[in-house]
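One chain is shown next in structure tokens, namely the form predicted alone.
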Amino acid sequence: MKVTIDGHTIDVEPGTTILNAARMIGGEIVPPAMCYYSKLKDSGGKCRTCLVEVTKGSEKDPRPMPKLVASCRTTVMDGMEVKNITSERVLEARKGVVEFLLINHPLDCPICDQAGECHLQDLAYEHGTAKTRYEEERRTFDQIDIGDKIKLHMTRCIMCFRCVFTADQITDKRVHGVLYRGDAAEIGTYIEKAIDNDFSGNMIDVCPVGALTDKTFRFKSRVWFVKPMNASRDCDKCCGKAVVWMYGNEIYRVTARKDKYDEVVDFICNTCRFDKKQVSDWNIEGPAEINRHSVISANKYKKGIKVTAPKVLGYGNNVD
């Protein structure tokens, strides 16, 4: 099937969504996505940030779709024509979505551990406005521990449901989910600290905001002060391939490896994530390539550079 997005035409397989077709083309025409996650079945359709305008339905039915559609849930038709960044309707609607997401989200970026790698920060910078029309009181929640290594800031949550899908699909005993309905809905457990399984830490990696944070890394450093290094180890629970975030000779945190759309390539176990914080536990392979456009990657890492582990481990050495 042929689909044209912002003037770029590509052939795709039947059943491909507009969002994935745009990702095959790449570049600035790819719609943002706060809830869709290609590794998680049935994700998407929650945040509405990926709205696009279909100006031509197909060759058989060239009529435009009357409303903007979620690109993560809409499959392409042969001959379909789509506008994303070239549509004023889309850009205006996306501003409204950002304003809606920020209604209850606190502006606590200076103290949030997600600052510097937060999708909502990037989205607000690119599509938001400097002012808000919201005058009501924001909803607030107490911070709670869900498991001994994960802190939940429900106040920051945008209800993307990624963590729920992750726990449901990669663990055998999901014990958290969505409680209540409507504007009272929240992510949580019936009993605090109830989450205890070998892959629960992956909920931190899939969260696009600072709602789920690593208690072993909280307030230790800003992400742009540490160096993400590809590392591996022999593990009997997971693939053992991760990114270790180093400051000098210390490993401050461990995360799963991610692709250019910041989606996890392979989920890792809690042993690798929380318990292996010594350099001797890992085989340091070299700097991880950071493709995100936020401050974490600014002027720090370049593609194709190979650095030996001893040089990287020296405090203050710049890998580029």
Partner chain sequence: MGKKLLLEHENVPGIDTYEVYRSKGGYCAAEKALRKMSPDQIVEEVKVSGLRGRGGAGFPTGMKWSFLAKPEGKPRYLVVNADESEPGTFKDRYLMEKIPHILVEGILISSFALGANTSYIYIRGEYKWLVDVMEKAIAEAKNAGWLGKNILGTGYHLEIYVHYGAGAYICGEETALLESLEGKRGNPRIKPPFPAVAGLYGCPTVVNNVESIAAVVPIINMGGAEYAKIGIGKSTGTKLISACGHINKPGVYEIEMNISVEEFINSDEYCGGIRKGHRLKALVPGGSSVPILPYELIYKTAKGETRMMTYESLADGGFATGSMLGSGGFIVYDETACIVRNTWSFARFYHHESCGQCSPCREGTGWMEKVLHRIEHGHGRMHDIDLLVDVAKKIEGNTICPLGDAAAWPVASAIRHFREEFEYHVKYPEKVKNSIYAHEKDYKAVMV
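It should be emphasised that the depicted structure is a prediction, and the values quoted were computed from it without experimental measurement. Positions refer to the first chain, counted from 1.
We do not show the form predicted together with its partner chain, though everything after this point is about it.
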item	value
4.5 Å heavy atom contact, V54 and its partner chain in the model of the complex	no
Partner contact for K41 in the model of the complex: its partner chain, 4.5 angstroms, heavy atom	no
I290: touches its partner chain in the model of the complex, heavy atom cutoff 4.5 angstroms	no
Contact of A93 with its partner chain in the model of the complex (heavy atom, 4.5 Å)	yes
Per-stretch contact check against its partner chain in the model of the complex, the hit in 258-266, 25-33, 44-52, 272-280 (non-hydrogen atom, 4.5 angstroms)	44-52
L68, L101 and L179 all contacting its partner chain in the model of the complex, non-hydrogen atom within 4.5 Å	yes
Among the candidates C235, C109, A185, I144, the residue which, in the model of the complex, approaches its partner chain to within 4.5 Å (heavy atoms)	A185
Selected contact from R222, R139, K215, K241, since only one has a non-hydrogen atom within 4.5 angstroms of its partner chain in the model of the complex	R139
Contacts with its partner chain in the model of the complex - residues in 139-169 whose heavy atoms fall within 4.5 Å	R139, I158, M159, F161
